[in-house]
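Alright, two takes on the same chain below, each alone as structure tokens: structure 1 and structure 2.
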Structure 1
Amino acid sequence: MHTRAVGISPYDLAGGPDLLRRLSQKNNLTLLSMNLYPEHGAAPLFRPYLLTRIGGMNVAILGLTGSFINKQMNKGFHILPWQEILPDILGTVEKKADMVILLSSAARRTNEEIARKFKNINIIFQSGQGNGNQAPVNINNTLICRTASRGKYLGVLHINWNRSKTWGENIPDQLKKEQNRLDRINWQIGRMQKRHPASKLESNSQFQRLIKEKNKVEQGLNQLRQQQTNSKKPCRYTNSFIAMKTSLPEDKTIKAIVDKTRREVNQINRKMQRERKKRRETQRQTTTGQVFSVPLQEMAGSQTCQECHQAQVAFYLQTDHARAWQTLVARDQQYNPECLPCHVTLPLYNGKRIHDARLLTSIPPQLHNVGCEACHGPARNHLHDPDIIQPDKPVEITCRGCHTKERDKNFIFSEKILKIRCPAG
């Protein structure tokens, strides 16, 4: 693809720096990282930045490596804080470059903090953090861009750059987006006006909310039209995402490597879980009751729910959620940490916290499958005081933790919730 530069992320270091060097030499790649240093040494392992010519401009491309996911990855090298490195690098390149681009595998909040602190970084391309595509976000005159992880999308950013070095809002695109939003609101209002008499709509909270939203959108459209008339010539951009098609034939050699790796990962985690189970059994001999990871102590299990909610649990057992664990067993992936979170019942579905708490190697059999508490939250306190502590009601964000656009392209919350909604109590 004639790639000009590649920023190194922690995942790229799984095979060690020497492997990366060999690959870069073989494929003529420029690998960048300003803050990746050997365990003993004063020079970075790779180039911190690249000065190059693009579109008749001098462009500085910087590489920033994010934090390690776990300590096992940190062998023979370490990552310095960006606060110690980035200011000096920027001081070196900003006078030589018409545009500064940062390739960062740091977390979203870190990139936003960098954007607020340094106005002279024009674009941050973010990788390694988050599963979804993110349209460019302008923070302090820095565009932060991100495509979905695992190479499922390419992002294309077309730039109209000028001497102002100031990003302008893409007003035509915003006008189109807001006009579409207004059309949807007007359609909803018209639909309600046909179904209900005007006297009832005056006290209908949903109708009044739509009216307020309509007025707000109309005001925003007027402001955008004024900006379009009065704006000078800031830098412009357009952005698009291109999905990599899954219909392409698989490479048999690569598929064999991937399948072998999955099996090995599963076996490693199977062994870890057995070792943890032995330690728990030893602990049970000296304590009473079951011993789980602290977050799991809040869980009751769907079997417990059945004592009071027989009809609801009977309905749940007919859904695919009740067979989620078996789909992993059938593929021998029931110990794969990449797959487990969406096939078991957890008190939370934040990926980083799940791995930090080592929940995936502590899950008891009663929490296999996607049970009641996956939608309604931990229920042990509800079990003890059901009149006071009520279960949560599932909302779209609850489902979106697993039903991402990449995993479930046809997921429409309003439709899917009807298929798994339990009968009334």
Structure 2
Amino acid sequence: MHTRAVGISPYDLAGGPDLLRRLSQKNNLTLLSMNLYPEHGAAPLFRPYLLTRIGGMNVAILGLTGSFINKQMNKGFHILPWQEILPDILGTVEKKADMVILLSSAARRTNEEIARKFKNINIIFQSGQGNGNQAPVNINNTLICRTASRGKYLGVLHINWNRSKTWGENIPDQLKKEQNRLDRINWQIGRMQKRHPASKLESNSQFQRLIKEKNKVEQGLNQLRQQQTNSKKPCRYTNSFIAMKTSLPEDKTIKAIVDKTRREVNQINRKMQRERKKRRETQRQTTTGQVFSVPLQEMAGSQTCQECHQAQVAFYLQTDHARAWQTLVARDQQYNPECLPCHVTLPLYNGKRIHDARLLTSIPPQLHNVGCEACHGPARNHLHDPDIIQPDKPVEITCRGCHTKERDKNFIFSEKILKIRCPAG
């Protein structure tokens, strides 16, 4: 992708700085971090910044590494606070550069603080924090940009940079939007004029509202055009996100690496789960410990329903929900907390799936697969008093908790429900 420079986030250091350096040399990548220092030594581990020419301009690209979430990972090196490093580096580069870009894996709030403090950073590309795409935000003349994590999207920022070094409001974009709005209103007006005689329209409140709105939008458009001719040509940008579609063919080599890594992660989680289980067992000898905290205590497990709901159980066992755990086992992913929320039996809590990795990786076998209670809610109390306390019937949101847009694009509730609805008793 003709990568000029790459920032270093805490996760990139999971294998240590040496491995990272070797990988970057092998792949000819320029890794940047101004605040990553060896445990003993006064020189940073990587280049702090790069001065380069892009589109006839001198551009300074700086790297800032965010702090660790898991302190244990932080071994053999230091990550210095930005306050100690950034002011000096900026002082060095800002005179030499027409534009300053910061690649930062610090938290969003930190980046905003940096933007407020230093007017001369023109763009901050933020990584490793948060999940979604975010349109650029202009804080104190710094654009803070973020693309969804894990390479699901490519963020594309087109910039038109000039001597003013000042980001302007994006007038052309706004103009286009307002012009579209006006076109829509005119179209609606035209349609009404075709359908109704003019005399009727005078007293038609919807029509009058449209006319009013049309005047307002026209005024706004005129103002924008005026601003455009008056302004001292500020710098402009347009931003878009391109989804890295899964429909593209997989690269076999990369896929093999990803699969291998996933299996390794699964092994690590499996081991951790075993160790936790061992610890719990030793604990249980001393206390009459309840293994699971709140959510699971309310669960009964699908096996307990057989006795009274044979028809529904027999039907359920024919559906793929009864094999959802096996699907993960077949791919060595049954300890991956990223997959588990939707392939085990947990109801929605406050409308959400549970993402607690500890709970998920140690879920007991009777709650493997998408069982009865994933749809009908916790049913332990129902077992005690079946005539009085009865489980819920699933509604669309119940399914949507797992059949998300991302995982199941083609989910149409009214159709799919017919496939899995339990028969009447």
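These numbers were taken from a predicted model, which means no experiment stands behind them. Basically, rigid core = biggest C-alpha set you can superpose within 1.5 Å across the two forms. FYI, numbering is relative to structure 1, first residue = 1.
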query: Pair member that is the form predicted alone; finding: 1
query: Core-aligned CA displacement of His384 at least 2 Å between structure 1 and structure 2; finding: yes
query: Cα displacement of Arg400 between structure 1 and structure 2 reaching 2 Å, rigid core superposed; finding: yes
query: Large Cα shift (2 Å or above) at Ile139 between structure 1 and structure 2, core-fitted; finding: no
query: For Ala311, CA displacement between structure 1 and structure 2 after the core is overlaid, in Å; finding: 21.5
